[in-house]
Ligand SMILES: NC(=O)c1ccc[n+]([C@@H]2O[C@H](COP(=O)([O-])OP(=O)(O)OC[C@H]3O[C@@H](n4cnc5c(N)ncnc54)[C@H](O)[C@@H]3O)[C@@H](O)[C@H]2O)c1
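One chain follows as structure tokens, the form predicted alone.
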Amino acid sequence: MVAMNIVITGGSGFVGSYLSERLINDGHNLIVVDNLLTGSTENIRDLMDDKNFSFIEHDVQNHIEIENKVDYVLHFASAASPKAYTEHPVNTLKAGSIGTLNTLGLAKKHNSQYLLASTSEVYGDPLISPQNEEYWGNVNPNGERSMYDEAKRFAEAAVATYSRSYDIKAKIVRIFNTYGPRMQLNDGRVVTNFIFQALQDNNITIYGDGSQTRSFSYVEDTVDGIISLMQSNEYDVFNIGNPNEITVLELAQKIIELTNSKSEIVFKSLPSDDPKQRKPDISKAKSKLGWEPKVNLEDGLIKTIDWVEYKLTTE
């Protein structure tokens, strides 16, 4: 890929920071725009002194002005964990709606390519499994998760509309459950929750009976998929995730085993609209992007456990 001037919103977040690293390492000029609501400059500390990198602390719900030529706009700004979007519901709505319109406006001004970070949450509590890109989803527009689910669905509609109306070359990646180092330890996501509890021999909390399934993609695999889409000539919607499905109960048992924990598993009531199944159909990404995940769950969990253990001992 020829060196480009790239703007990435949310570039100091969990997935965004790995993507920022890759783009700098690939020789691009990068501007990260982030309000640091859930991101952290700690995640991009090693990039701060790079001559091709700059950081702007800014909320995407406000107008974005970049004077220098922009070749690519990546919109990754949004709270993404249940805890974060429950604590910041209005900001989450605005990041997906106004923020998407503002970043599309930036792409329109510069005639840039555009990539939206969407989510498997657009499928809601799916009635089919695995979920492919043609599935329209089963989402409660008034539910407790709707500020995130519907903001991302609006964001996709905005991208499709701007693409048709202004001939913007746009791509959408629907990211499935991604995990790895740099996740916030208190963000309420199941992998970090379980590891955090297991390392301290606390009870591991499962909401529901644990039979609900998830498919976990290690962060480097997810970023490889995003880069593959960026570099392609495909202007379409792609699932990026790992189709290896596991129940939440099996995940808890696996983490107890890998940490040699004395934790007991306890069950609590399931939150409303919590999806019973989550498994991506990635056949489109495999055939059109030549991408599929490589890191198996145990290897990825061991890397994540080591990182959480390090964080617990140094903070």
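Bear in mind that the values here come from a model prediction, so they are computed numbers and not experimental data. The first residue of the sequence shown is number 1, and the count goes up from there.
There is also a form predicted together with the named molecule; it is not shown, and the following applies to it.
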Legend entry - Contact stretch among 52-60, 283-291, 23-31, 250-258 - heavy atom within 4.5 Å of the named molecule in the model of the complex: 52-60
Legend entry - Touches the named molecule in the model of the complex: residue 91 (any heavy atom, 4.5 Å): yes
Legend entry - in the model of the complex, residue 48 touching the named molecule (heavy atom, 4.5 Å): no
Inset, instruction - Would you please decide whether residue 36 lies within 4.5 angstroms of the named molecule in the model of the complex, comparing each non-hydrogen atom pair? - result: yes
Inset, instruction - Answer for residue 175 alone: is it within 4.5 Å of the named molecule in the model of the complex, judged on heavy atom distances? - result: yes
Inset, instruction - Note which of 139, 159, 204, 80 lies within 4.5 Å of the named molecule in the model of the complex, where distance is taken over heavy atoms; exactly one does. - result: 80
Legend entry - Within 4.5 Å of the named molecule in the model of the complex, all of 124, 151 and 239 (non-hydrogen atom): no
Legend entry - Sequence-ordered residues of 101-140 touching the named molecule in the model of the complex, heavy atom within 4.5 Å: 117, 118, 119
